[in-house]
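Given next, in structure tokens, is a single chain: the form predicted alone.
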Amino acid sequence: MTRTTAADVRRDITARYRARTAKSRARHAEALRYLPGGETRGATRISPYPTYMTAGEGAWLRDVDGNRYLDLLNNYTSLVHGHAPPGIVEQAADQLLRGTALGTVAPPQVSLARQIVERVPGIDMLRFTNSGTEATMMMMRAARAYSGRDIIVKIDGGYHGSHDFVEISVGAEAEAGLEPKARLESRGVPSSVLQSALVAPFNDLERMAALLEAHHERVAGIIVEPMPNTGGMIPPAPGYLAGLRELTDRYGVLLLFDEIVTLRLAPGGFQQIAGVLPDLTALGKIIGGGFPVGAFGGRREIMAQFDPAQHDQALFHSGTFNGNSITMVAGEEALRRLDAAAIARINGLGERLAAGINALFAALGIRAQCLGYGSLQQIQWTDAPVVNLGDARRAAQDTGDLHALLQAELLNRGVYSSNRGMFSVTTPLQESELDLALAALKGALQTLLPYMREVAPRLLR
């Protein structure tokens, strides 16, 4: 009997993908004429070409070829209520008829701001932006202005958007035991930003303490995702976030939480779960009800820097669509519907998904694990402990195109997920649909076993 090779697996997955997405292939060929790479968002890239989606409803998507997909990506966690959710759609449509952006302060800004302040314990006051990138950029600016210092410490491998000051060490140090260093992540970012950054590993209070001991007089603050997203949904070790709070208090620097992704995990975000109050918090994604949004806020005295009535040299912050009424009314309704009961339900579904994935790995003899918290989960290609983002990066090494092939095979089986094995759960998702996802994942992993055996044999017991 002829043995299935890794090349056979790749050809089979790709051929079936091409056969069911002919119209997407044609759209991509046209897009290449106008958009570099055929797309305008690096995260949506799929090999050999992306699937073009035309509509979404609840937990499902439909592409230009008429295929349906259970959506476990949800625009990278932002659509916590799924696609075209009733109630939110009606609120946005009603506002659309009365104006999208009125060029002035409008009541919906105040309503959404009030709701966020009442939910998130570390936010006394806030300002809206149009994206998470803008939110972290302005949060870091506020920290520098308040402290009079330039350096922000970031976590090695942490992702905070695409402005220059966070395009540093987004890929974690790959070699075990090496001290992470601040390094540029992208061409076009000026090397001067390295003068305003230091890097420390996640879940390592000892190394953070040593760094602050040496540099605290020049450090404005530490920016951290309470549970890193892009690097791998790695939960914080018990006491880690509280330890950061103690260190920042000891050395007189600010603690900045990026809760753009993790806000969905509790009514008040991960800071509520951990019982740790940051000085500043960046938000985005779910607070816009499916529309572009960002926000940053925190302690009243820090945010007062943006008030000209309180500061002769107030920080200037503006943006044509900041606080636009469409986003504000949709966001207010989205948060209202995401109450404690809704969060508990989707967190339970997410934990059930993770347990199901880990059971599949055990049954199929695959050395991998699903890590995360509640409605946010991600595959790590190792059964060893994953403590920081360097561990996660090393787990993905020497696996060839396993991530991409798993994504493509899940698409072949009617499940849409990320190209890094990340899954998010939404409120319209049902238990029966979760069973469909696990069945699709089982079939996809079985298809990929010959590929793992040849390309990444360390993954098989």
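From 1 onward, residues are counted along the sequence shown. The structure presented is a predicted model; accordingly, all values stated were derived computationally and were not measured.
Although it is not shown, the form predicted together with a small molecule is what the next lines describe.
The closest heavy atom approach of D258 to the small molecule in the model of the complex falls within 4.5 Å. At a distance threshold of 4.5 angstroms between non-hydrogen atoms, Q109 is out of contact with the small molecule in the model of the complex.
Among heavy atoms of T133, some come within 4.5 Å of the small molecule in the model of the complex. Of the heavy atoms in K285, some are within 4.5 Å of the small molecule in the model of the complex. Checking G161, P121, P235, G319 for any heavy atom within 4.5 Å of the small molecule in the model of the complex turns up a single hit: G161. Only one of N74, Q271, Q380, N229 comes within 4.5 Å of the small molecule in the model of the complex through a heavy atom, and that residue is N229. The stretch that touches the small molecule in the model of the complex, counting heavy atoms within 4.5 Å, is 153-161, out of 153-161, 182-190, 330-338, 354-362.
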